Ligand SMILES: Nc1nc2c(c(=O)[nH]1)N[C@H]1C(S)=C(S)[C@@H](COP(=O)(O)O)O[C@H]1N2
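Just the one chain here, laid out as structure tokens, in the form predicted on its own.
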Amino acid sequence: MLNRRQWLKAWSAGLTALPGAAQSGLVFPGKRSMLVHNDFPEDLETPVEYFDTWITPNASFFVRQHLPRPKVDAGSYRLEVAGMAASPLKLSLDEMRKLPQYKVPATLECAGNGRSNFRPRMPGLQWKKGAIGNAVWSGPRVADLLKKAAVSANAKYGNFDGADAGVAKTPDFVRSIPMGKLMHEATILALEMNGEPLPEIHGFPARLIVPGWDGASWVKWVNKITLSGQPDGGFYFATAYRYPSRPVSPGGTPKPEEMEVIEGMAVKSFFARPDDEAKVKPGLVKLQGVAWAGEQRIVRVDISSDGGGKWMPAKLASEDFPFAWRLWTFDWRPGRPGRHILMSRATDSAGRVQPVESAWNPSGYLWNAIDRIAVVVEG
């Protein structure tokens, strides 16, 4: 875990992340006990035992920050929509609240979630399973804002900037979203999270919600949208959060021209209960977990207790919304005492199936291998 002085030293040296084990014991206002990867800026992981509800409470929701968290005054806040628009906007928070508001259930996941599982390891936050959460986000549609600004037909991207600022040599965090995604009815600027004003740590007063896409696209503290015919040329879009278009051998280096922007996320599932290496009594053991697939829907989750020789369908929860995860359960009756390896495998509406191995890449993105836990049945 890095303290404030270590973080500033690392960033002034031009580093983007350092590997390290998550810690616990620090207290953050409004948060339950979390796995702490960094305390400044905050990088907080949700323990898997919290994943027992369809909605992840704000107090349990993971946090990923690239830059120090800004302080934004609600009274003086203005959202600027500029660039290729005939009627540029500067809207106050009250004016944004007066626009039609829409609720969007959507799962947010950091592209690096599960990075700690890759071998060989690579630098970066060593997320386990918990850089993910599901919430109901509320706010105006981005499409309505762009129409109000009379966006040009020649605009291809919205370049989103937030109130956070770079430190020393670090660049500003700007992400570019193609116009087609921005005009989707589920793409909003969230002013609320789970029925409450958007918490400061999650992007108050406005956070971009790009359902089904990687967390880096969900820009926090949004205060400016620049409409352009070209994407932003800064580090966080032109270089960061990219994935090789062709497979890379573990430890290999892809060609720069083969790196593509991460958009829709992969199909995946994992166990929330019991814990890995848990000891259970003989008889019925209730398995629980979550599954999601970015822009697709989860259509089934299968469980194996014999190393993948036989798969049995889990029961999916009734909540089934585009862009939101589904909870699943499975009643397992072990046939013998001892150590068992349990596996979960998800399938989505596009026919994608969670793979046995996740494709290695030098940034450790999109880990989605079949989840495995060990359970010891007491004799």
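This one's a predicted model, so the numbers in the text were calculated from it and none came from an experiment. Residue positions are given as counts along the sequence shown, with the first one as 1.
There is another form of the same protein, the form predicted in complex with this ligand; it is not shown, and what comes next is about it.
- For this ligand in the predicted bound form, the listed stretch (257-265, 279-287, 208-216, 182-190) containing residues with heavy atoms inside 4.5 Å is 208-216.
- Residue L108 is the only one of L227, V301, L108, A293 with a heavy atom lying within 4.5 Å of this ligand in the predicted bound form.
- Scanning T53, S33, T329, Q65 against this ligand in the predicted bound form with a 4.5 Å heavy atom cut-off leaves one residue, Q65.
- In the predicted bound form, this ligand stays beyond 4.5 Å of every heavy atom belonging to Y157.
- Residue contact with this ligand in the predicted bound form: W221 places a heavy atom within 4.5 Å of it.
- Using a 4.5 Å cutoff between non-hydrogen atoms, H202 counts as a contact of this ligand in the predicted bound form.
- With a 4.5 Å cutoff on heavy atoms, F173 counts as touching this ligand in the predicted bound form.
- For the partner-free chain shown, G162, D164, F173 of 160-191 come within 4.5 angstroms of this ligand in the predicted bound form, judged by any non-hydrogen atom.
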